[in-house]
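Shown below, as structure tokens, is a lone chain in the form predicted on its own; questions about how it binds or moves come after it.
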Amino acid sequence: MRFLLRLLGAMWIATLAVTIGFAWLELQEERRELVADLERRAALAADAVREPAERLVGRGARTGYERLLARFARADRAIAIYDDLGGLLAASADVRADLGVISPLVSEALRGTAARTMRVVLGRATWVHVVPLVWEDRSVGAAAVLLDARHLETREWSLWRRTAVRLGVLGLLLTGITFLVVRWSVTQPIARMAAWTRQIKTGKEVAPPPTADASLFGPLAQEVDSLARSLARARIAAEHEARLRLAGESVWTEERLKQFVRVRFDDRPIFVVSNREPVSHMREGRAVRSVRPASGLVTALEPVMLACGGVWVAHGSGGADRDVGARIGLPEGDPQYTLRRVWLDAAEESGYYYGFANEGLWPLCHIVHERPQFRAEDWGHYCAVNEKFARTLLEEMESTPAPILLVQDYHFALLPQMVKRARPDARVALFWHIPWPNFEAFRICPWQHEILLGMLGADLVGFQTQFHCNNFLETVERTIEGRVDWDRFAVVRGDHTAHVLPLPISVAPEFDAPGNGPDRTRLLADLGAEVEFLGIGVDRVDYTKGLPERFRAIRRFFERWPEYRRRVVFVQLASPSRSRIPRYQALLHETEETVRQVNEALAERGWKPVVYHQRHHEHAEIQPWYLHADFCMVTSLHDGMNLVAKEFVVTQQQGDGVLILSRFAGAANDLRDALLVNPYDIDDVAGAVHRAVTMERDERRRRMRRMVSQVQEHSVYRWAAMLLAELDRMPLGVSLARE
């Protein structure tokens, strides 16, 4: 109650000050206008009186003044005529008794200058205008015009009365609205948080309350809400792990990983470097919006950073990133780690990212029959950007003893060696998210020697599969000087050993069901057709994902089993990617054209077999599709892992969806209960779609249950723990000599 009274008091004082201030300004403006009107009217009347008065006074007339007064005097206007000595010759009867107050103005007029001002005559405000009378080039007297100015005071008091009424009405409205806002935005949220806290203390499993308004509550409410949510997550994770332990199983959770890092590394921060940033900022009009990129790398690594904290160094590529800043805490509103952005100019981004990384290394490592493009200028930018990121990392790690560095992917093949040379005490791991080609394919790269040496600067090099590890070690053995220890899967060069291990990455095992997301009926209704089966695909538009082949397989399915027309619809959520590269521009056109052809050939009366949404989709938008889909298609032509498959499985913890998965995706090694297909074989994929929609419910549930168990046991927390445990076992302090 005291808070409400203080708030209302402050608002009343502010409102009173503002209202009175504006009323005073309005009064001054209106008074100036009224005085100007009086001055204009008085001047016109004085000019009219002057000519006949000059003739009368100049000739020394004794009569005629009464006619002049009768002609020009009115109820609100009085006239007075003076001789050259200031003696009163004639005046309106109603002001004659109190004309002494204007004597100074008359004297001034007799000296040849008109005088005007406001005076109180007979106890009322009066505007006085006095002009000299001149006859035959000599001053013979003065004429005064007196206008009633009492309406100025009347208007002034009227304005103040209106202001008082407005102030009263505004005060009542403010009081009522403030009471309701405080009740809805302060009292009730605090009551909900208090009730939720009481329930948490009793051990009840309840959802956290809605996020409080940080702009109103400030940091305190934000921290309380964050703490409440953290406690809820920790309690759920602890209970889940306890249940698994009772069943003789063990699972890695966010809390378990946090404790593992704390014990092994004494709360030292983890440093992650990647090209992709976990959150970018884009400008929409005058507003700035946070966007979570469509990236499997972000999906995998963000839970690790939330669990362990630290610094994530990435390219600040968002249109409004520079406005937000080079260092920000994430998640916004409840910071758990720091994002450190590195700025690249247009030439650097074009050469390093679009050029060498994605027109060179990306097609080189993926067997998708796309010719790699290697240009010397791109290689120069690639080296320069790796050096820029290395300098930023060294700056961030300066005060951290024996820092832990996790380098991500093919964008930073040179970075491990650069960091290790400057900080031999650092524990450096490089995780290569994409496939590693065989030795013959990698020989295409003109700078293969430099790339391998850069990668081997790490203490640990991780790949998605054992097959990729074998390819890498064979490439090293045939390309550079060094001993490959096949028994330990390591490369020994001088005093430095780089271990090479398969560490298949995964996703977080938790599934946050969309609280206000659309249900299945709403999703299907939005598609404009009543169907029995819903298929889903979630991909970047990349030639490795096999989107045109997938749509042709769907067409083949409907051609072979036409009874499923109008009963099945497939929704593709496609995120445009690398659209500055000509090959990706051609792929966008090819994908859209394939969808058009399939729909043109098969569509019937409001039903389309393929619904294609090409734009960026937030994680919260994708989850309802995962949740309600009957089958999900992940038909990559070649993929390191493809976490869409594991995201779908995690979302289906209580469901019975079917996963159709390419044999050439790394996820196929982990998710054996998926329907594995050859994406190049259109009939094979079409047959898998038919099997998905005809499979018995019990079999669907058994398959999904086994895949859910596999992803929960081999989660991204376990991946991070295994990687960090391997780093912890490795000796430090070896400085790399320059090649």
Ligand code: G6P
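As the structure is a computational prediction, the values presented were derived from the model and not from experiment. In this text, residue numbers run from 1 along the sequence as written.
One more form of this protein exists, namely the form predicted in complex with the named molecule; it is left out here, but the text below deals with it.
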| query | finding |
| --- | --- |
| Contact residue in the predicted complex, chosen from 657, 296, 363, 457 - any heavy atom within 4.5 Å of the named molecule | 296 |
| Selected contact from 420, 433, 638, 381, since only one has a non-hydrogen atom within 4.5 angstroms of the named molecule in the predicted complex | 433 |
| Candidate stretches 164-172, 587-595, 467-475, 570-578, one within 4.5 Å of the named molecule in the predicted complex by heavy atom | 570-578 |
| Residue 192: touches the named molecule in the predicted complex, heavy atom cutoff 4.5 angstroms | no |
| Proximity of residue 411 to the named molecule in the predicted complex, heavy atoms at 4.5 Å | yes |
| Residue 353: touches the named molecule in the predicted complex, heavy atom cutoff 4.5 angstroms | yes |
| Heavy atom of residue 264 within 4.5 Å of the named molecule in the predicted complex | no |
